[in-house]
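Single chain ahead, by itself, as structure tokens, in the form predicted on its own.
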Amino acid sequence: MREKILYAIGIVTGALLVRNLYVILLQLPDEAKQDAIWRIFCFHLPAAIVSFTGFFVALVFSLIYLAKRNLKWDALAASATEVSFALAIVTLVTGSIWARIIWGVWWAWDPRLTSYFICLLIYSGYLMLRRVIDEPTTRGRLSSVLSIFGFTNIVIVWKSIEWWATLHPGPVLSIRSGGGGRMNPAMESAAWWNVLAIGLLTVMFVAMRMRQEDTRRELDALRRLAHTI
């Protein structure tokens, strides 16, 4: 049953991505000030939104693990974090490409960019921590604490353009601009459709990653049993 659901999500996701690419690349015109490079925002913004959502979901699962000590929740948190980290890399790369065209540099130590870089360092530390600790309960506890700490930096990233003077563009979506976003409504609609597509793709990847975590938990259980014999 779960495989059928994943196949269905995969078909819907593929159709959405093809539709979105057609609209973004062939139907929508160039932006007045940014020309063709504005299209990268239709991938940059959705990747950022979905990755932040995934990190929040991982935070919730981590808190549940700390409360219940059930390794299933730790596996869910780890799966959500790994996929969200990959999307965060996409966000950083697409943002750097945009910056090269608009700012003339690949990177600037801007508050938004710097806080985002710190975010990536924290979550890369999370992933490395899980590789070096074999004992499941210790790994889950320490990973959960690091997930909580990491999400506090997500809040800083999200609010940085409001708290500090920054080169990064201010809120462009209507949801963050009191209903009056600075992006053309057709372009904003394309970005939101891509949020849906990338969100569904993320669900698929998390489900696939969970299978690997299930196998890992079984191996951990067998390892502990072998040690008791």
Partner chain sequence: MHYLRAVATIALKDLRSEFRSKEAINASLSFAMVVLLLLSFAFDPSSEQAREFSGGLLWLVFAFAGTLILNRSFARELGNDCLDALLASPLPSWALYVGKCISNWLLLMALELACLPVFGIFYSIDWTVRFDGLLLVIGLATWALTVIGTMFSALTVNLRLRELMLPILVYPMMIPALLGAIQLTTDLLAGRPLSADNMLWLRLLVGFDVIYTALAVALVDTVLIG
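Positions refer to the first chain, counted from 1. Keep in mind that this is a model prediction, so the values were computed, not measured.
Absent from the display: the form predicted in complex with the partner chain. The rest refers to it.
- The closest heavy atom approach of residue 95 to the partner chain in the predicted bound form falls outside 4.5 Å.
- The partner chain is not shown here, but in the predicted bound form it comes within 4.5 Å of a heavy atom of residue 128.
- Residue contact check for residue 106: none of its heavy atoms lie within 4.5 Å of the partner chain in the predicted bound form.
- In the predicted bound form, the partner chain stays beyond 4.5 Å of every heavy atom belonging to residue 33.
- Contact check for 199, 213 and 215: none of the three has a heavy atom within 4.5 Å of the partner chain in the predicted bound form.
- Figure note: of the listed segments 98 to 106, 71 to 79, 84 to 92, 141 to 149, the one touching the partner chain in the predicted bound form, with heavy atoms no more than 4.5 Å away, is 141 to 149.
- None of 203, 66, 40, 195 but one reaches within 4.5 angstroms of the partner chain in the predicted bound form through a heavy atom, and that residue is 66.
- Residues are counted as partner-facing when one of their heavy atoms sits within 4.5 Å of the partner chain in the predicted bound form; in 87 to 123 these are 118, 121, 122, in sequence order.
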